[in-house]
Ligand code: HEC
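Just the one chain here, laid out as structure tokens, in the form predicted on its own.
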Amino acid sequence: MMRGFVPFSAAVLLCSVMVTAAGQAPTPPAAGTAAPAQGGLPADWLPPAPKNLKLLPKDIQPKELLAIMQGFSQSMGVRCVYCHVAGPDPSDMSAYNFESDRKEHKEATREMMKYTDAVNQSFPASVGDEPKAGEQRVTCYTCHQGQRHPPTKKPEPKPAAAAKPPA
């Protein structure tokens, strides 16, 4: 089961890069301050050593873990506090209780990671282009597209263009 999570991690990282590249122009930092990383984190901030990993590799590097978490954030349009327990000031990442499983969204994310891995494992090879090494066909962004809840209804039809009167 773990063999699928390394490519999944790479896919989330790739998704993060694609969303960032397609997203916004960077905002220059104020004079004398460190440039903020994606999501408003200081550029040099790294998560503490993980204590409650159930699906990701236990020996994951902090930079890789941060990239995966940023991929979730961008794919779903949420912030860290959506899954993790914040301290009194949600902007103070040092006060977060990252290992807590108190928030149901964290467990839902774990279940969706398993689901996405299963979809990718059983995805028909004859459908679409073969993904590049380390990429997956289906990621969080495939369905969520930057929204907390993926759309479940087809979009309303666009109104037909008004017919022009003959000239």
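The first residue of the sequence shown is number 1, and the count goes up from there. Here the structure is a predicted model, which is why all the values come from computation and not from measurement.
Keep in mind the form predicted together with this ligand is missing from the figure; the text below concerns it.
- Remark: residue 55 counts among the residues lining this ligand in the model of the complex, judged by a heavy atom distance of 4.5 Å or less.
- Although the partner is absent from this view, residue 45 contacts this ligand in the model of the complex, with a non-hydrogen atom inside 4.5 angstroms.
- The closest non-hydrogen atom of residue 136 lies beyond 4.5 Å of this ligand in the model of the complex.
- Within this chain, residue 112 lines the site of this ligand in the model of the complex, having a heavy atom no more than 4.5 Å away.
- Of the residues in 75-107, those that come within 4.5 Å of this ligand in the model of the complex through at least one heavy atom are, in sequence order, 76, 78, 79, 80, 82, 83, 84, 93, 98, 99, 105, 106.
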